[in-house]
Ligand code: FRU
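Next up: just one chain, as structure tokens, the form predicted on its own.
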């Protein structure tokens, strides 16, 4: 979780809880309609993603006092389908000069912590506490815990916090899970400036023992943040690999913040990378998918599910949205598949997205009145065309291009003409991902939600996630091709219903 101090601190007595401002709706020009965003104010990293008693819990970095970074606390929302979210009061507020930075939540099924009541499981949050520097002391980041016995509605901070303190300015973002190999809790936590992930274990979530470290490896041009260590089935079989995911800010593939992943093995104590240390694999090639975390405590039959923050620290405080700023990506299901390039991470939108579809339409080369919230799936035989793709949210010179450059061998999303791009010099951009086409055909699944475009190529082998801020009249879909003739183009189109305006 990147630290910025933009605004003067306000007294905590003016804490505004979600729902107190009932006049704020969810139909502003750039308000996403099926991605989570808070009713008002600032959000960044998702935190504490966990499934418990039929509810998906999304905690998130939240400023209860304004729409820029500050007063970091944990907001809280719950859902039963990962699309319809109920925003609840602030779960963990900034208190006594300690902000609540990024972390995770586990379900303590056997009361290893001693916090659970009545013989029932309880929720335990593990988070980084940030204490700002004084005249005599530098900034301090420590690991802390809190617990809840009422499904996350109220929380008690542990009286003996912090539970892990290295007396460091940068030491953050603990992701905790139960390791069946070690038969203990395991924490992956970042030393951002050293480009290292430390791995700890604990029997009770209170006392932590250092086991190992990983890094430096891969991309190291910025700080390492938001680590994740989780197991994924390989090729749909019982065989698995472990993924260590690491946020990088700045220095990501598209500039600013982004995330890389390592594929390997975890024996309960140490993660071993299967690839050389110089190998860099990116989770997303766009500019706007950061600090993605997976859900703890999912049913064993479920694939791993992840949600990321849809923004970039280069311009997050300047995006033209109101009365909120910041939102989450679509929840995505993850898998590992063997490809000609090796084992790679695949991502797909959650299946529940199909429940928002309205009537299916076939599209060949052009469509009008698309609106600003839709899903579009296309098969694009390139033929002899050297550059071909689709313009979405198009009209009168405004458009976002999603296409393939055959000479460079890249999938790209170009938002330099997407509408309002002037609020930051870093926003207008063409983001690219190297892609070897199968049979000279580009397969795309494109999801647009008012201020965002998420592209899943070749069944999710590559993803590109970008914010866009198009004018209201930009509601056309257009095919284009240059320097050659493509094959017959086809696609399927669905408008998508708002989750704010439909019943749960």
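Predicted model only: the values in this text are computed from it and were never measured. Residue numbers count along the first chain shown, from 1.
Although it is not shown, the form predicted in complex with this ligand is what the next lines describe.
- Residues placing heavy atoms within 4.5 Å of this ligand in the predicted complex fall in a single listed stretch, namely 172-180, out of 172-180, 228-236, 417-425, 317-325.
- Interface membership of residue 45, defined by any non-hydrogen atom within 4.5 Å of this ligand in the predicted complex, is confirmed.
- By the criterion of a heavy atom within 4.5 Å, residue 456 is excluded from the residues contacting this ligand in the predicted complex.
- Contact check for residue 291: a non-hydrogen atom falls within 4.5 Å of this ligand in the predicted complex.
- Interface residue remark: residue 466 is not counted as part of the site for this ligand in the predicted complex, having no heavy atom within 4.5 Å.
- Contact with this ligand in the predicted complex, judged by any heavy atom within 4.5 Å, is made by just one of 313, 346, 242, 115: 313.
- Among 374, 262, 295, 101, the residue placing a heavy atom within 4.5 Å of this ligand in the predicted complex is 101.
- Annotation: in the predicted complex, residues 187, 202 and 208 none come within 4.5 Å of this ligand through any heavy atom.
- Taking this ligand as positioned in the predicted complex, the residues of 51-72 that bring a heavy atom within 4.5 Å of it are, in sequence order, 61, 69, 72.
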